Ligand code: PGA
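Below you will find one chain, with nothing else, as structure tokens; this is the form predicted on its own, and questions on how it binds or moves follow later.
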């Protein structure tokens, strides 16, 4: 093992955690051949195979299981060490690790800007992924803080709302429904609907609302990206429901518009989440307090303000 590198251990840990070379490559922003090569070199250093493939599934060997446990222990200790060093340095240096759901990419960078200006010595490690993978990271305690629109109800976690995150129904600008008011949900259910992929928090909220009304959505397309959904709407493939934040950068000439649908906007919030009993570092605590105390004000000073006003108007608030 003296020839093994920390990078190889990180690559191996990601492959073992996902049981997939492809998903590990996506997480680490590496190519799949690079991931395969790193694992192969590590197996050579160990002197035993680390994985075995049975059909299309990837399994850890006994050596792989032992190494995975060792990796988790090493990375946990390193994280504790980094936290200790960050605390010693105060807010002058260190790294803030955030894992956020995909839609939060429209919000978090704007919120990070003033924070980073206030503490220029702090580096940010930002993981943007879907709801299920954020929960996986949370369970493994891989980050300092997590931002979700649907916090887990069955885990021992601390949950703090800090910003509105309403869901609205979007259509292309010339859609016939744009001329109607208080559109019944039943009418929306008849339209071709574009949905986020299974596991998405947005999808769960929309599905729950229509299920409660006994309505079946006419889902014609599943897409794993908000931007892809917006392009599909603009292309006339159907309508969808997304976070209002996804419209923040749309100008007056946008091909999209918000429909006036009964029950919408769906009131939701962004939540700051971290494991119960977790001791936040000085940096994480500073960001936590910044979001709770200033997050909404900062957001409303950006492009979101007009959209929030419009959403409240539609909702009668």
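What you are looking at is a predicted structure, and each value in this text was computed from that prediction instead of being measured. Positions refer to the first chain, counted from 1.
If you look for the form predicted in complex with the ligand, you will not find it shown, but the lines that follow are about it.
> Specify the contacting stretch among 268-276, 288-296, 37-45, 59-67, defined as having any heavy atom within 4.5 Å of the ligand in the model of the complex.
That would be stretch 268-276.
> Taking the shortest heavy atom distance, is residue 97 within 4.5 Å of the ligand in the model of the complex?
Contact check for residue 97: no, nothing within 4.5 Å of the ligand in the model of the complex.
> Do residue 110 and the ligand share at least one heavy atom pair within 4.5 Å in the model of the complex?
No, residue 110 stays farther than 4.5 Å from the ligand in the model of the complex.
> Residue 93: heavy atom within 4.5 Å of the ligand in the model of the complex?
No, residue 93 sits far enough from the ligand in the model of the complex that none of its heavy atoms falls within 4.5 Å.
> Is the gap between residue 230 and the ligand in the model of the complex 4.5 Å or less for some heavy atom pair?
Residue 230 lies outside the contact set for the ligand.
> Just give me the single entry in 158, 178, 213, 129 that has a non-hydrogen atom within 4.5 angstroms of the ligand in the model of the complex.
Contact with the ligand in the model of the complex is made by 129 alone.
> With the ligand left out of view, choose which of 114, 236, 184, 199 has a non-hydrogen atom within 4.5 angstroms of it in the model of the complex.
Contact check passes for 199.
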